[in-house]
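One chain follows as structure tokens, the form predicted on its own.
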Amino acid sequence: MPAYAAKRILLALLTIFLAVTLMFIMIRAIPGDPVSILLGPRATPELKAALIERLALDKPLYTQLFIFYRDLLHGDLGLDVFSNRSVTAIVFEQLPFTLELIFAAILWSALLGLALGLLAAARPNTRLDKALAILSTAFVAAPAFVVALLSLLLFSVHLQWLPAIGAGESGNIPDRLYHLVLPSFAIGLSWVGYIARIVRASFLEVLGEDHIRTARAFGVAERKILLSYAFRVGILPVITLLGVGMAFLLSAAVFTEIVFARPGIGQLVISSINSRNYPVVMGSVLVSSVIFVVSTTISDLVNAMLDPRIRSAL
């Protein structure tokens, strides 16, 4: 296990390096003069020259990349071009809003999807199984932005049951949770379908193995077989799916934060890209990449702990 964990962590670090480097190059490939966009058309040549020097835009791309990683090794993500504040402070001010949205969506969608999947696996090829299959497929086919807009119109505008915008009052946990209901529902609904279908397929495969048939032959209750004997193996694909799901939920959170006017990394990235605020964009991308890679790495390590066969795959 230690050897597998070391290899997986090295692979994670390489993935982060490649992702951040690629984003660094792509941002600078966006058409337009970033200095003119940042300073406006009335900026003096002196101000433009100072900003070019500050952002190292007068240097070759590989030199800019070297400077970025050199500063990063010292824990410096740079300064916001507009406010002159630390990019690290800005990013970590917005990060909790995005994380609470993602974790809320994962929590409710995983619990409901797991319950629906187990129910379908326990009653395969019945009317209940077919009804759950239709329901799960409908959830998967519902795009997050459509669910966000429709839920906003129905529950906030028409029924006025839930708040339409904002993240709630700081320090007021019930109010924060109240404002999380609609956004987490919007980005988590499709994952209920994904998880339910994966759980059903995984548990049906496990329930067909020899040791399960042996347990049934000895008269072990079906509920105990499902929750005790099959659960440990059948849950492995779900753990992997949840790790990968962090990436999809991060991307869905960008649109959701805009629709519900919530603060967060998504809002920060969009506004920074539009204003060509390179330091803030790179800081946000770096943190998002780390979140994604860490989540997938943790899911892989948990899977390896539960199933020793995985350790020989890397």
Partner chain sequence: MTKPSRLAVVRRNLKLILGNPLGALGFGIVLLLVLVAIFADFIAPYGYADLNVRDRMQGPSPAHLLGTDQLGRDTFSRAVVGTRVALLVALPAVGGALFFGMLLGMTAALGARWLDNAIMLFLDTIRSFPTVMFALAVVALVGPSLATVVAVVMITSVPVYGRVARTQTLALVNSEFILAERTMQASFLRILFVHMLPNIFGVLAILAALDIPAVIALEAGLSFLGLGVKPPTPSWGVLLRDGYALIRSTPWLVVAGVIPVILATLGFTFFGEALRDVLDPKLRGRG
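Here, rigid core means the biggest group of C-alpha atoms that superpose within 1.5 Å across both forms. Nothing here was measured: the structure is a model prediction, and the numbers come from that model. Numbering follows the first chain given and starts at 1.
Another form, the form predicted together with the partner chain, is not on view; read the next lines as being about it.
Proximity to the partner chain in the model of the complex, taken as heavy atoms within 4.5 Å, picks out 157 to 165 from the listed stretches 104 to 112, 215 to 223, 157 to 165, 82 to 90. Taking the partner from elsewhere, every residue among L14, L22 and L153 has a non-hydrogen atom within 4.5 angstroms of the partner chain in the model of the complex. Here is the short version: of A49, L61, I270, I67, the single residue with a heavy atom within 4.5 Å of the partner chain in the model of the complex is I270.
Although the partner is absent here, I173 sits far enough away that none of its heavy atoms falls within 4.5 Å of the partner chain in the model of the complex. When contacts are judged by a 4.5 Å heavy atom cut-off, L119 does not count as touching the partner chain in the model of the complex. In the model of the complex, S251 approaches the partner chain with a heavy atom inside 4.5 Å.
Although the partner is absent here, T137 lies within 4.5 Å of the partner chain in the model of the complex, judged by heavy atoms. Residues A141, P143, F145, V146, L149, L150, L152, L153, V157 are the members of 140 to 163 with a non-hydrogen atom no more than 4.5 angstroms from the partner chain in the model of the complex. Once the rigid core is overlaid between the shown form and the other one, F260 does not reach a Cα shift of 2 Å, moving by less than that.
Residue displacement note: S288 has its CA displaced by under 2 Å between the shown form and the other one (rigid core superposed). With the core held fixed between the shown form and the other one, A12 has its Cα displaced by under 2 Å.
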